[in-house]
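In the form predicted alone, a lone chain appears below as structure tokens.
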């Protein structure tokens, strides 16, 4: 018990230090590193949402970008065509992502293992096809441009620093909500399903319903990330729902450590900065990311957080 309390104290201290550093970042960073940090916060929400499926429920998805992209497209269409405000776009992005998860969930969770992976891949490609071909709504390959950053009452988020703080607050609120979920009896049930579905079913748990709720919950927070990404980028295209985006999210979770929430957020930051710096020197940055993923699987299957937990005391 003393060891566990000591580790818990270190975790709280580390998270508090990280929060202070993130809040003070605009005082020390120029505009370009600050935009990268904003991007990292958005992808951290996206990666944590995937971790609900992968790390806590044991459902590896290759189509998670579908919910990210659906949320982004909902914002882009409402903001450009109907001049919708902040809260309308946020609710629409989350609702659209949940609706997509509610429709796709029953199809995906009927399968297990490799079959689940392939079904999520097919569903993700279906959304990509709609984004690419439904030109009257999505503008096809040209994408939807001209998104202006939102205002909330007297506050405008057009300035990069202001939008960074919007992303930071959204990240903190999302992370707090996910922590409450994974530490609740529902979250514990998801971890039980990850370890042994048969045992949880024999104990009387509705395994299918738990998976379905986890699917929609993960989709909802992916929609939150898509909401922020649409305003951050000012442009939404089929790139947001393509396979590479889903693979990047998987890499973020694997690199940081699945089943931790902190790990995916850390992995998101590392991948964002690595991708931006490597792409400056070579167009084959996907090859580099693939090599990183192989190294993580071979030498640190538990990710960075898992490696830190296994280190000698």
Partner chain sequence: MSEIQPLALSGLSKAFGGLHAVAGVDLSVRPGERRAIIGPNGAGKTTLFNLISGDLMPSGGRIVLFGHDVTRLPSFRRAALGLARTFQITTLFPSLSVLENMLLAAQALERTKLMFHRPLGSYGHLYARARAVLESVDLAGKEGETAKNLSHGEQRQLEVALALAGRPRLLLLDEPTAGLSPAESQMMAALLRTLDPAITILIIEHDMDVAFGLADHVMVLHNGRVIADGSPEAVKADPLVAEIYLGTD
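Positions refer to the first chain, counted from 1. Keep in mind the model is a prediction, meaning the values are calculated, not measured.
Omitted from view is the form predicted in complex with the partner chain, to which the following refers.
Novice: Among 86, 212, 186, 165, which has any heavy atom within 4.5 Å of the partner chain in the predicted bound form?
Specialist: Checking each option against the partner chain in the predicted bound form, the one that comes within 4.5 Å is 186.
Novice: Which residue among 198, 152, 103, 112 has a heavy atom within 4.5 angstroms of the partner chain in the predicted bound form?
Specialist: Among 198, 152, 103, 112, a heavy atom within 4.5 Å of the partner chain in the predicted bound form occurs only for 198.
Novice: Pick from 174-182, 78-86, 118-126, 103-111: which stretch has non-hydrogen atoms within 4.5 Å of the partner chain in the predicted bound form?
Specialist: Single hit among the candidates: 174-182.
Novice: Looking in the predicted bound form, any heavy atom of residue 156 within 4.5 Å of the partner chain?
Specialist: Result no; residue 156 lies far from the partner chain in the predicted bound form.
Novice: Going by a heavy atom distance of 4.5 Å, is residue 203 a contact of the partner chain in the predicted bound form?
Specialist: Residue-level check for residue 203: yes, a contact with the partner chain.
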